[in-house]
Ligand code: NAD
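A lone chain, given as structure tokens: the form predicted on its own.
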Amino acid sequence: MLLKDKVAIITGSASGIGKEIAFEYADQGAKVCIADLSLEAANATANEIIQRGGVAMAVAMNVTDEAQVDAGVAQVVAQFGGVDVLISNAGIQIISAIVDFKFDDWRKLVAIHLDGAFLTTRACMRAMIAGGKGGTVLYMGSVHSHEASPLKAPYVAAKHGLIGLAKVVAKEGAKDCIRANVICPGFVRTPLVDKQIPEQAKALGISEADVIKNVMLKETVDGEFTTTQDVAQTAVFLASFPTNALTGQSITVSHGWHMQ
């Protein structure tokens, strides 16, 4: 029970990587808030955790809405007594060449990944400082926090930006024992990635099998996808690490796709 009685807010956690982290955190004793754009989906995931014997609640949270973020975090503090861990995980993907990229799509993607990370960080840091126990902020980056791929300009830019934000949080939060790190997965077979496979096949003029083998997994050491469990276990390790010795870092979980 590495996270016993820790209170964790996980954005975008009604599905995919966020949901797996929520389950793993609950299994490790954390009280988990499922924060998602869909309250119905968030409630369904929270109920799954409760049925497994865990402790969970759900809040509707559009991470780009300042008032909704602040209200959601306040709701968690009121119900669970504070915030110990934030996992900024909410994200989307839009595939297009730069010359064809719609500015509205650029702004939408960057707002979710970067504005959302800032707003949730600010609200949770305020709660952590008020609680006086410190805390952990984890950003869901990507190998694209370090590498670039065609057709993903705003995603790559935003994921790079999360590393900069984490470094500032690490420096500003140190005096209050608040750590910040970035988890950088390779490709994980989530609905977000499954949607990209046919999109990239069409954009690149190749088969879906070639997208998987020669684009997504080409640079891995074993041709394997990263799993949601790989990422969830990394999130447990980083949240349970006891000191500021591990802060301001990016941890790549990618079957060797990117090596630092």
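Not measured: the values here are computed from a predicted model. A residue's number is simply how far along the shown sequence it sits, counting from 1.
One more form of this protein should be noted, the form predicted in complex with the named molecule, which is absent from this view; the next part is about it.
- Contact with the named molecule in the predicted bound form, defined as a heavy atom within 4.5 Å, is made by all three of 62, 186 and 190.
- Contact check for residue 90: a heavy atom falls within 4.5 Å of the named molecule in the predicted bound form.
- Although the partner is absent here, residue 17 is a contact residue: one of its heavy atoms lies within 4.5 angstroms of the named molecule in the predicted bound form.
- In the predicted bound form, the named molecule lies farther than 4.5 Å from every heavy atom of residue 83.
- Taking non-hydrogen atoms only, residue 178 never approaches the named molecule to within 4.5 angstroms in the predicted bound form.
- In summary, the region of this chain contacting the named molecule in the predicted bound form, judged by heavy atoms within 4.5 Å and restricted to 201 to 209, 23 to 31, 36 to 44, 49 to 57, corresponds to 36 to 44.
- Residue 112 is the only one of 112, 76, 119, 128 with a heavy atom lying within 4.5 Å of the named molecule in the predicted bound form.
- Contacts with the named molecule in the predicted bound form, taken as any heavy atom within 4.5 Å, map within 142 to 157 to 142, 155.
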